[in-house]
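We begin with a single chain expressed as structure tokens, specifically the form predicted alone.
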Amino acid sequence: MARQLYELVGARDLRFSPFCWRARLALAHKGLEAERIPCRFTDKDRIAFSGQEKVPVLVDGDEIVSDSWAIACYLEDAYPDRPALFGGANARGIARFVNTWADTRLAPALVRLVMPSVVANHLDPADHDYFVSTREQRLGKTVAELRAERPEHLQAALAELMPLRQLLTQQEWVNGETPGYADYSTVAMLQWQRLVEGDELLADERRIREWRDALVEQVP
């Protein structure tokens, strides 16, 4: 069976999910190819075989793995002869900390920026009502409120980038001497933001832009 990656797709085939980008970056790091299967927000039946409702889902032969972190761990363990995503048990723990920071600090700041643009420009019509209702409920804000508060949310997102900003002045990669999953778990969030609304957030962040672009360019 061919390797397959089920990933989120928006209008005009835009693949902007940060969690799917993490999986794509991990595959690219390992030098592995996968057929990319598009799924809209409401295409729950397409991934029902995985036993849950979220992408990414990786199918690798008889293995079915969902969740971007679980996919990275699977690839590391299943393909130990290929370039390491973590570089050992202790390094995996550190990468998981960075992954958790990106999920719990960076992503919540960025979603308040990108949600109005996603709704206005990047949703398949079949997903519109589902996306708006679920995200407004989750954030406790309407799309109109988030749009009006954009300057505030822009500053909040820049503040959350402070650890990354400082680290990248001292070393080339978050992972250290070479890129690793600590880089991918973070850069995927910024690639999500860039694809949805451009480079306003990083307009004055040249070092972070260079780091981001060098990483995402390796993805086919």
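All residue numbers are counted from 1 along the displayed sequence. Everything numeric here is computed off the predicted structure, so don't read it as measured data.
What comes next is about the form predicted together with a further copy of the same chain, which is not displayed.
#### Entry: 4.5 Å heavy atom contact, residue 166 to a further copy of the same chain in the model of the complex
Residue 166: yes, in contact with a further copy of the same chain in the model of the complex.
### Message
Is residue 114 part of the interface with a further copy of the same chain in the model of the complex - any heavy atom within 4.5 Å?
### Response
Residue-level check for residue 114: no, no contact with a further copy of the same chain.
### Query
Should residue 104 be counted as a contact of a further copy of the same chain in the model of the complex, where contact means heavy atoms within 4.5 Å?
Although a further copy of the same chain is absent here, residue 104 would touch it in the model of the complex, with heavy atoms inside 4.5 Å.
### Task
Look up in the model of the complex whether residue 80 has a non-hydrogen atom within 4.5 angstroms of a further copy of the same chain, and give yes or no.
Judged by the heavy-atom cut-off of 4.5 Å, residue 80 is well away from a further copy of the same chain in the model of the complex.
#### Entry: 90, 100 and 160 each touching a further copy of the same chain in the model of the complex (heavy atom, 4.5 Å)
Heavy-atom distance to a further copy of the same chain in the model of the complex: all three under 4.5 Å.
### Message
So a further copy of the same chain isn't shown here. In the model of the complex, which residue out of 182, 55, 27, 188 has a non-hydrogen atom within 4.5 Å of it?
### Response
Of the candidates 182, 55, 27, 188, 182 is the one lying within 4.5 Å of a further copy of the same chain in the model of the complex.
### Query
Of the options 128, 141, 96, 147, which one has a non-hydrogen atom that comes within 4.5 Å of a further copy of the same chain in the model of the complex?
After the contact test, the surviving option is 96.
### Query
a further copy of the same chain isn't shown here, but in the model of the complex, which of 190 to 198, 56 to 64, 166 to 174, 35 to 43 has heavy atoms within 4.5 Å of it?
After filtering at 4.5 Å, what remains is 166 to 174.
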